[in-house]
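Take a look at this single chain in structure tokens; it is the form predicted alone.
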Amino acid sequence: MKYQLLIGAVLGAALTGAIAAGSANAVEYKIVEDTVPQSLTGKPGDPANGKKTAINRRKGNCLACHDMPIPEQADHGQVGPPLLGVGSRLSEAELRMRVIDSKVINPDTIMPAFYRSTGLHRVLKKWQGKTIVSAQEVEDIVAYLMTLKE
């Protein structure tokens, strides 16, 4: 009986795509076909704040892996795809999923899960149980990335 309940719970979560971010103050979100269609905060993100978070070396740090249309910033990465035009290639829901936890889409990616705090390995003690960015910062980053059109 215990195993049937466990299997039922796992299958139910898989079918609905419901997932919790994991930390005490994190917002729950639902994954639908490798996207997170609903805003984590219920309000639009701020692209200017998103850009600041994306290039902040202690927060988003997108420049470590991605070439971005920000020539005033040095040392753009080449590991991930360039982000110029990403707002034309992906929807808000697709971008939100990638920022929250890109490992849902590609388990082998080296991109960190910016809004996940459980199931991680080798986490510094000060970061245990915490997400890298807040729910509002996720929305701000997504809003900024949506401005990067081709």
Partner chain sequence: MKRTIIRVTVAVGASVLLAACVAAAPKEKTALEKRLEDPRVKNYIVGEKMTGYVFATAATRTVQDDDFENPAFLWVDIGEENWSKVDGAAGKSCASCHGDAPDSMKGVGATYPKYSGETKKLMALQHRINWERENRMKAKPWKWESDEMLGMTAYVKLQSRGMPVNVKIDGPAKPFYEAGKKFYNQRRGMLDMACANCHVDYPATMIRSNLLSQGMPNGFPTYRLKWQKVGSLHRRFRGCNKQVRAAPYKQGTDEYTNLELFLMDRARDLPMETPSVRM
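Keep in mind that this is a model prediction, so the values were computed, not measured. Numbering follows the first chain given and starts at 1.
Just so it is clear, the following notes concern the form predicted in complex with the partner chain, a form of the same protein that is not shown.
Three-residue candidate spot R57, T109 and L120; every residue lies within 4.5 angstroms of the partner chain in the predicted complex by at least one non-hydrogen atom. Here the chain stands by itself, but in the predicted complex one stretch of 27-35, 43-51, 87-95, 62-70, 62-70, has heavy atoms within 4.5 Å of the partner chain. The partner chain is not shown here, but in the predicted complex it comes within 4.5 Å of a heavy atom of I132.
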